[in-house]
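In the form predicted on its own, a lone chain appears below as structure tokens.
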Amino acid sequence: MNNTDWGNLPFGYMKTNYNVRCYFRNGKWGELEISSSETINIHMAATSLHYGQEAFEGAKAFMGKDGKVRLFRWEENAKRLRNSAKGIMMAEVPDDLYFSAVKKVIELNKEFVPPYGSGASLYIRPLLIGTGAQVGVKPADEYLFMIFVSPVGPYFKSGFKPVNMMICRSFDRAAPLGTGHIKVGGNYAASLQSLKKGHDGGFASVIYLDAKHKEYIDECGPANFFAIKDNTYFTPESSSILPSITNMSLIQVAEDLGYETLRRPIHIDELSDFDEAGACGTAAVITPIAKIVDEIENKTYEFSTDGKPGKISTKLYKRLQAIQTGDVPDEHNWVELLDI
């Protein structure tokens, strides 16, 4: 019997029953394997360890009021993983293998899907790594695709409450023609120092500016940035931003609710004009921003003075969550009901 305190889960790793794995060898993918091991046996010269041939995804499954498990927009995760693999020359995972793997791992760990109304979800972590041994800088000839799951609570301890962020000018997350647009581990390694600097300063996260001009908003820590003004949802356009599936979904939800949407470069000076601002991604869905501090320019931009999220951000957050849990109709066929 599962005695998990679902309402007080952190956003972190919890051991579950099984993970699933599949190997790419001799030019083709093998059969899906089930494992109870939390470790990987890997060659010391594997390309993932030396040359960064590694990509991953983040997705969620939810328990509905009807007791059915819902998987949110898996096709987009599969597509993004393929794009990541293509970007660093790894074997691409076909849709049928991806879906079979994600369905199987949820089925094997169904007892870890948090109950409806708990505020928690089952986090799904697909991983693709180069396992073939190479000493020269070139792609591997063997790869491992695996998925593990973990029940998680809110990404930020505060939950859906405004947080403070700082402008990061001393670090770049990714170069304009680099790997910022794909979900590879190197991007996150490059963000660790700046995130620590932000956390040490008392900020929940940092906001990166574009690497070329240092004038336009890029990413918001490990998430996409958005802002609200005049009933319009704004989000940055840049070749170094990871296409967020949550952001993509929020744009559609905003339009469904009658708001205008606009994706374009956002100059840092525009922050003073916005009524609301936030970060969005799979882990947190929406993290409202209370204020953004630019220490170098000695400026502070405030979006919430009463500790409450903005009205439009709240509407978007509740609507998207309701779609994910099946509380409102899924008009865009985003949710896959799993027969498990």
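What you see is a predicted model; the values in this text were computed from it and never measured. Position 1 is the first residue in the sequence shown; the rest follow in order.
Same protein, other form: the form predicted in complex with 2-OXO-4-methylpentanoic acid (COI), not shown, and the subject of what follows.
Scanning 51, 274, 56, 301 against 2-OXO-4-methylpentanoic acid (COI) in the predicted bound form with a 4.5 Å heavy atom cut-off leaves one residue, 56. 283 is the sole member of 283, 290, 293, 69 with a non-hydrogen atom within 4.5 Å of 2-OXO-4-methylpentanoic acid (COI) in the predicted bound form. In the predicted bound form, residue 234 stays away from 2-OXO-4-methylpentanoic acid (COI), with no heavy atom inside 4.5 Å. Contact annotation for residue 222: at least one heavy atom lies within 4.5 Å of 2-OXO-4-methylpentanoic acid (COI) in the predicted bound form. Remark: residue 155 counts among the residues lining 2-OXO-4-methylpentanoic acid (COI) in the predicted bound form, judged by a heavy atom distance of 4.5 Å or less. When contacts are judged by a 4.5 Å heavy atom cut-off, residue 74 does not count as touching 2-OXO-4-methylpentanoic acid (COI) in the predicted bound form. For a residue to qualify, one of its non-hydrogen atoms must sit within 4.5 Å of 2-OXO-4-methylpentanoic acid (COI) in the predicted bound form; all three of 11, 123 and 183 qualify. Residues within 4.5 angstroms of 2-OXO-4-methylpentanoic acid (COI) in the predicted bound form, judged by any non-hydrogen atom, belong to 123-131 and to none of the other stretches in 251-259, 123-131, 136-144, 85-93.
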